[in-house]
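In the block that follows, a single chain appears as structure tokens, in the form predicted alone.
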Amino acid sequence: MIQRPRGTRDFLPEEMERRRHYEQILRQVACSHGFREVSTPIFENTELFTAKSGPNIVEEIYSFEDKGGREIALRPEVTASVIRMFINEMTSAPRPLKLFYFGQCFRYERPQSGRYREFYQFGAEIIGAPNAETDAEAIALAAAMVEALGLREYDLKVGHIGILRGQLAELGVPADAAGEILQKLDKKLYDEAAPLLRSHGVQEDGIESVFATTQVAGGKELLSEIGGEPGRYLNELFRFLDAYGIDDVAIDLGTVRGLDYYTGVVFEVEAPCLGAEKQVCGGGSYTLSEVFGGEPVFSTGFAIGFDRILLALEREEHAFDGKKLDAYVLPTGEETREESFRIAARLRREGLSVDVDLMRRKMSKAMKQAAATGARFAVIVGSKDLAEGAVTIRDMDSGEQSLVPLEGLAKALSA
């Protein structure tokens, strides 16, 4: 038996219905905030990702040479593709550009709970002005999405990566070396970050100062303690978040987002029910356009790990009731089979969800199948009733039956 590849999943009808339900919620929230959907190729030139993350990223992604000798990679995330699309096709479009997307991504990593080699991202990007309003709009959308999905327990943390970048620069760490250190600090790997800092001549008191910064966390009262341009920006940002009604926000200067292209505000949403691997959303402001050959442009955005947030909803035991069929049409015999299909077609044209017996079952087994599909009503098509221009409908919950004229059938089922 041929098995599916490791790190991938099959989604059966019930699970697909659940996933589409929550996906549609995210789409509706994005549209309500003035964002418009885009789609990019599922594979790109490998250079798009190595230019952003360095050649070592090849070890973590699915990359290959195609039949034309071109280096191609399955996308490990979508932000780079969106910025590439912006440079190729949208630089003259009015700004801000508010874009959202949903799609599959691929990373070659060890599969574990909530983490797969093929996974799904729902994300949004704003390409516009470098101001606090833009970052506030991105954070507001992320918070609205998490709320709309119904997650009960979550933490929203905001930081400013410029604080640590500035601190490292003052300590003499070259800008091109800061990225690796920030990656270690993002994961609180202090034992691995310390030797890197020492290799650039940072003394022990400087190392302790950097580590202390990553541990600064609390409420909005910390805003008065953060100086310089990052402090001014965060104060302005929080005023806009207050205006949006988003007040349950923590300040965490240890929110680093360990990627080189983040430049200012960074934020994360965590679901405590997931344990150690609790991040379900992350983002911030960044610069990527010039890396790909475009003009510098301010961008901010985020991605929601769709699989992880669905796992969080499952851990919180959210109930999901799939949409039921409106009706299941059953002929009582061969003499009414063709008319049953005409009735099913007519009801479908009326906008009802309808199934019809295809297996030529006897009535008792066909009724069991109708119950198994979860249909609200069974429409029983008998020759005697048809002669009177009617059919019998049965409420599958109560078992009650009634004779209904064909002309009023759709209305009766809808009611």
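Heads up: residue numbers just count along the shown sequence, starting at 1. Please read all numbers here as calculations on a predicted model, not as lab measurements.
Note that the form predicted in complex with the RNA isn't included here; everything after this is about it.
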*Hey, of 112-120, 213-221, 162-170, 242-250, which bit sits against the RNA in the predicted complex at 4.5 Å between non-hydrogen atoms?*
112-120
*Does the 4.5 Å heavy atom contact test between Asp395 and the RNA in the predicted complex come out positive?*
yes
_Even though the partner isn't displayed, in the predicted complex is Leu352 close enough to the RNA, meaning a heavy atom within 4.5 Å?_
no
*Check whether Arg348 has any heavy atom within 4.5 Å of a heavy atom of the RNA in the predicted complex, and answer yes or no.*
no
_Close approach of Lys98 to the RNA in the predicted complex, 4.5 Å, heavy atom_ = no
*asked:* Between Lys323, Arg342, Arg152, Lys187, only one gets a heavy atom within 4.5 angstroms of the RNA in the predicted complex; which residue is that?
replied: Lys187
*Scan 345-365 and write down, in order along the chain, each residue with a heavy atom lying within 4.5 Å of the RNA in the predicted complex.*
Met359, Arg361, Lys362, Met363, Ser364, Lys365
